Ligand code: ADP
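There is one chain below, alone, in structure tokens, taken in the form predicted on its own.
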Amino acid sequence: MKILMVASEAAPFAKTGGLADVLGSLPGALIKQGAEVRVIMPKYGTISSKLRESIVHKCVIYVGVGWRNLYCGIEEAVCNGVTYYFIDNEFYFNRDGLYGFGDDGERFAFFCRAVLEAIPHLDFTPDILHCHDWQAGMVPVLLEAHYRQLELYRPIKTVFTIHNLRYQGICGIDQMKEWFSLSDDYFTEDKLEFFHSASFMKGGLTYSHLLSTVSHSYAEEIKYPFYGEQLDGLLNARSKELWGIVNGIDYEEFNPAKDPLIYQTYTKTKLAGKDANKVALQEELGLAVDEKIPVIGLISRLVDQKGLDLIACVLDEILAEEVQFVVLGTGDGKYEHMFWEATRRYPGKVSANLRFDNTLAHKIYAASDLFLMPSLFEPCGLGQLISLRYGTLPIVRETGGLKDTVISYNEATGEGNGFSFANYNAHDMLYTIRRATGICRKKTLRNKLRKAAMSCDFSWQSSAGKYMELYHTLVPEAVE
């Protein structure tokens, strides 16, 4: 089973979000399951100099985009036992950042074409092209339109994974026709046309053999208009080909028993170290040092999608409780200002760290009692998985991957690994926070729930098995 994953980012080379974490961890987990997996991505100017030293040049090809023939270097590196290929074009990718430029559509049109042109030069002919998110969405379209008749490409199957349906790569029809050398036949309502424009994402959804997304609940939610981002009709039509597979996390990187970034290591049978982390974090961030006060952690992009509007509605009521609130992240200016102002009004109770800091993130996961994640929608979510790993009890809204991974504590049965609420309502969230902090003050019960959280298995090995099942439905002859 040979799988070539196509993505716009992959850790540790380039990262803006959870997609990179998936492409940094899933290939290795699949290799352990017996597959041969490689990744192809752009060579960005933001790749660190240390990682660049490991990248070797393979060859040069030229890629047609419309009337132009453009330089394309193919380069290669091995990281953690996985081979990564890089598409090199300095005009498109040697920039200060990955996305957000006015020509993103053209940049990733070049990338999609380059991926298919590169295959004969890789010494690796995949059984499956596994494309991730809109930036790779046109690969399956091009495969069918321009390459399927060629012997090398004829057996290749395609899988397209939605990581976030909101971002779709919408461009003008005339631009797409030129970039991809496609006729009018491809720009109809049942193919690439999308409300008088055209969509990379719709291309992947329409032309791939199988589809997946990153949790079972999100796979169901996106069939409805509220979550479907105007693609719910297409997703319902392809519901039999749509799989929901929860993401995993790297259990070596996120391991409280070995983590070098936290104050003190601990395990589910020796939880004293978790309380020591809490006191150390309080000291470092200038919070009142008191082991008995529940600490709520929030590590997030500070945007509406993550439920920040709910927090804004009841922040003063949350902070009227005997709690402490530790925030890490950046985002909308109104929310950054809200937390900065809260540190002034509630000294010793709020720590607003308006930046990205990986070391501090690990410390917050390890030290907090509770982890707040009240998202409007969440395809999978990684924060709740990491917090469970560290015995920090999540408070989540029941949506997408949050619903699939967090079981709200049930007093009657004693089951649960966190807390949840169903309605997107600030006072429902506030009630759940009050319930959670009350339970956290009961040491025996709190430790029981911590152990339950730390006993969950959201490692990639479990998810990789589901992906292997998906692949084998396309390439059954690869089953040993």
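Please read all numbers here as calculations on a predicted model, not as lab measurements. Don't overthink the numbering: it's just position in the shown sequence, from 1.
Quick note: we don't show the form predicted together with the named molecule, though the next part is all about it.
Engineer: Residues in which of 404-412, 190-198, 370-378, 82-90 have heavy atoms within 4.5 Å of the named molecule in the predicted bound form?
Structural biologist: Going by heavy atoms within 4.5 Å, the stretch is 370-378.
Engineer: Can any non-hydrogen atom of Gln305 be found within 4.5 angstroms of the named molecule in the predicted bound form?
Structural biologist: The answer is yes: Gln305 has a heavy atom within 4.5 Å of the named molecule.
Engineer: Is Asn358 a contact residue for the named molecule in the predicted bound form, using a 4.5 Å heavy atom cut-off?
Structural biologist: The answer is yes: Asn358 has a heavy atom within 4.5 Å of the named molecule.
Engineer: Does the named molecule come within 4.5 Å of any heavy atom of Leu310 in the predicted bound form?
Structural biologist: Because no heavy atom of Leu310 falls inside 4.5 Å of the named molecule in the predicted bound form, the answer is no.
Engineer: Leu235 versus the named molecule, in the predicted bound form: is there a non-hydrogen atom within 4.5 Å?
Structural biologist: Judged by the heavy-atom cut-off of 4.5 Å, Leu235 is well away from the named molecule in the predicted bound form.
Engineer: Quick check on this chain: which one of Ser300, Thr399, Asn277, Ser215 has a heavy atom within 4.5 Å of the named molecule in the predicted bound form?
Structural biologist: Checked against the cut-off, the match is Ser300.
Engineer: Identify, from the list Tyr365, Trp134, Tyr266, Tyr335, the residue with a heavy atom within 4.5 Å of the named molecule in the predicted bound form.
Structural biologist: By the 4.5 Å heavy-atom cutoff, the listed residue in contact is Tyr365.
Engineer: Along 378-406, which positions have a non-hydrogen atom within 4.5 Å of the named molecule in the predicted bound form?
Structural biologist: Stretch hits, in order: Glu378, Gly381, Leu382, Gly383, Ile386.
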